[in-house]
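Below you will find one chain, with nothing else, as structure tokens; this is the form predicted alone, and questions on how it binds or moves follow later.
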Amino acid sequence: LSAVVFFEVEILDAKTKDKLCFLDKVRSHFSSNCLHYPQWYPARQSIRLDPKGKSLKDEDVLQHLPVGTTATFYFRDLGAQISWVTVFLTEYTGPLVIYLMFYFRVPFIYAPKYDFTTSKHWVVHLACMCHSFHYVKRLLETLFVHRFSHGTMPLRNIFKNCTYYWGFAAWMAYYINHPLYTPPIYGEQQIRLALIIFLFCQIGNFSIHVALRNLRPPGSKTRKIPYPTKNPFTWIFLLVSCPNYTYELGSWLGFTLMTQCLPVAFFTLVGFIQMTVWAKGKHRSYLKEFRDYPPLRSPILPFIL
């Protein structure tokens, strides 16, 4: 019989380096989720090997960690947490409602004579349908498609995210639904082309989300390399690591072309910059985790970025 190996476990505060706890004769199959403090819920706590390193997973056990028989861990309080689903539902419901308020021209937005009037330009009505479709799609995906690897995020994120989405929705809607709004310069042809781009990219975005969902079994946190499926909209995986962002960018470029509205263009630019940051981070994560990761892929734009 093999000898039982015991560990000595020391837990320090990640900020002050003060000793919080010392455990003697800890068995090798002891997992990191056993180190959580009872006065805080688990999602609020981070146990890590390095003060500035990544949090350990709940399933990580002592015998598989790069530590000796005397192990030092660092504890960090992540602050109040809120579920991803709650944040997504809140930040996506806001733009949907706010845009419709401007579309129906409720009082105190424009001059009183325009209260509850409708635009004479059909592109304004089309834009409202596209914008509403986009956020209804996001809400339904949050409820029925997305599987989150992390259950929560910091509570402060909901205020930051809602300010971004709600603020831009109001800014865009104000100008698109304004009584003095003028349609795109190239008229019907420009609008139809923009609608095709928008719908194509919305279908593509949904297809990618479904493909990513199917990679992760229910209740699992496993990560796999995403590959193209039989759905042609997923074939872009051959060239891009995060095609959901590629299609999202395409959708907003189509909406910009459709409305020919400067606030929409600015929202698209800001969104592209943020999605590029996320895509590069995920691309690096794939390369680090999978040695056989396809070398031809770019983070968000094929062969460019």
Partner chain sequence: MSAAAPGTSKAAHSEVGPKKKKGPGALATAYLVIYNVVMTAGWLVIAVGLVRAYLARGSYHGLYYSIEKPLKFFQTGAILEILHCAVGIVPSSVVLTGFQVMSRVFLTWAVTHSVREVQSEDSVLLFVTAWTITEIIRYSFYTFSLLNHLPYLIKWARYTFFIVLYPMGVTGELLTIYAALPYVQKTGLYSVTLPNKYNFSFDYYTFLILVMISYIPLFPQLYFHMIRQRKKVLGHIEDYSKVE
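Residue numbers count along the first chain shown, from 1. Because the structure is a prediction, the values reported are computed rather than measured.
The form predicted in complex with its partner chain exists for this protein as well; it is not shown, and the discussion that follows is about that form.
A residue is said to contact a partner when one of its heavy atoms sits within 4.5 Å of a partner heavy atom; residue 263 meets this definition for its partner chain in the model of the complex. In the model of the complex, its partner chain lies farther than 4.5 Å from every heavy atom of residue 117. In the model of the complex, its partner chain lies farther than 4.5 Å from every heavy atom of residue 133. Within 4.5 Å of any heavy atom of its partner chain in the model of the complex lies no heavy atom of residue 214.
Comparing 167-175, 71-79, 93-101, 134-142 against its partner chain in the model of the complex, the single stretch with non-hydrogen atoms within 4.5 angstroms of it is 167-175. Between its partner chain and the residues 244, 259, 251, 268, the one pair within 4.5 Å by heavy atoms in the model of the complex involves 259. In summary, among the residues 163, 222, 189, 182, the only one with a non-hydrogen atom within 4.5 Å of its partner chain in the model of the complex is 182. Although its partner chain is not shown here, in the model of the complex the stretch 76-100 places no heavy atom of any residue within 4.5 Å of it.
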